[in-house]
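Take a look at the structure tokens below, where one protein chain is shown in two forms, each on its own, as structure 1 and structure 2.
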Structure 1
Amino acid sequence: MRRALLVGLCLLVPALALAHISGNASPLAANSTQEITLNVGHGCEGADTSFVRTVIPAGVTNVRAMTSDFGRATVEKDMTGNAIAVNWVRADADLIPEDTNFYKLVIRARLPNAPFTTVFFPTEQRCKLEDGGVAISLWTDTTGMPVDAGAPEAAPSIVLVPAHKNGWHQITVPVAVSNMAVYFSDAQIVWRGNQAYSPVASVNALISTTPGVTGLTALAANDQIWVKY
């Protein structure tokens, strides 16, 4: 059973918000140091997870891995000293006979200055089975598209947005955005000219009933927008 691991990545911006957004895919501030949490929802084929390896994508730097109650974390580096992966190993003595536990694996890293992009963390999960074998689940698909049965599952990912505080922000979008919900889930409303989008259903309803205002469904590169967070 390939669907052995439910993995999500979320950025935990201020320390106060850690518990609040844990497990949710919230946009993260680009070009900043953030905590990235890998949520391991369950093991494989009824067995507890024994090992997790996450590849550090290009542009993610200053990586620090955090040992958790899951197990010890170590950072793999290349010849030049750059982090290329983080491994978490669960001690045999800590393995649980049944697949009952949820684990959070945390990395602190500096994220690339690439707002309105998605960064994938291809991940491999291993579980030790009762018969002595090892089950491996791959979460390595970075296409962002639905995957076929039996193929590697979608890699955990984080969404990067410009750093922002509450209020109005005028932003020039550097890349095309086809899915507004992905990059503006924490906004109140987004405007391009007289077109508007809101992730809030009640506000979206008002957009369609306000004279002279139409819905906004996508953005092109270099579009200038107003966003109220």
Structure 2
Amino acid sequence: MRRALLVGLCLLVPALALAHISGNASPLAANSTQEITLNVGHGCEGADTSFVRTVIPAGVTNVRAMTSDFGRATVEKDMTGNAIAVNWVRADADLIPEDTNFYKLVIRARLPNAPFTTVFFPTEQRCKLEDGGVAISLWTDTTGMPVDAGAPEAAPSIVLVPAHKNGWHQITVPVAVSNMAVYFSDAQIVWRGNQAYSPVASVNALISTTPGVTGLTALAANDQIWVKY
């Protein structure tokens, strides 16, 4: 089966809360309420998408689903009343004869207080075919590793960063960080001892020309850093 769904997560947040939002997984402040948008770029096997189910991971709470022009949204809950999935169903009368449309499916939820982690939203997509069959694409892999042909594709995900306001913050990093840009794309500068990192070209130029200061390219677990946003 040809995997035709291009799914990403873009987080629609106020510009003051987080900058540089993209159509793929972008860093979001942990322990905050955000709108999570599942971007469905394609149907399957040339057919329009008829159903999408997204699993709500542990720690994501206060889930509210938005009905869109795609179709009605419903929230699945377990026996204790916790949201476990969101389903979007496109009415048969609204299905179009070709795979030509792009859909945005929105969930509003509170994210867990787990900065420097990745949260996955395993997703199932279904499309009704002309012969009466149903094509299914699974976007459920949470390993972050390349998958074998025919296996489920990578699940949509978001990266969590510490909640912050403009100014200086002292942070203890709980895990190793090999790619500074993933977690500090909206920072002005990050300091660890006499090492510094900045995603801002002008600041980065100052780092490279300041005597006694070297570039900071990675962090170890339990490193203490100073970050200015």
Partner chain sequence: MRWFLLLACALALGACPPPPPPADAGVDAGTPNTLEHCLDAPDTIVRQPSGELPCDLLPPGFKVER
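Since the model is a prediction, treat every value here as computed from it, not as a measurement. So that the term is clear: the rigid core is the largest set of C-alpha atoms that superpose within 1.5 Å between two forms. Just so we're on the same page, residue numbers count up from 1 along structure 1's sequence.
Of the two forms shown, structure 2 is the one predicted alone, while structure 1 is not.
Two rigid parts of the chain turn against one another between structure 1 and structure 2, and the hinge residue out of 160, 65, 90, 43 is 160.
Here the chain acts as two rigid units, and between structure 1 and structure 2 the smaller unit rotates by 15°. Its Cα shifted by 5.2 Å, residue 210 is compared between structure 1 and structure 2 on a rigid core fit. Superposing the two forms on their core, we find that the Cα atom of residue 194 is displaced by 2.8 Å between structure 1 and structure 2.
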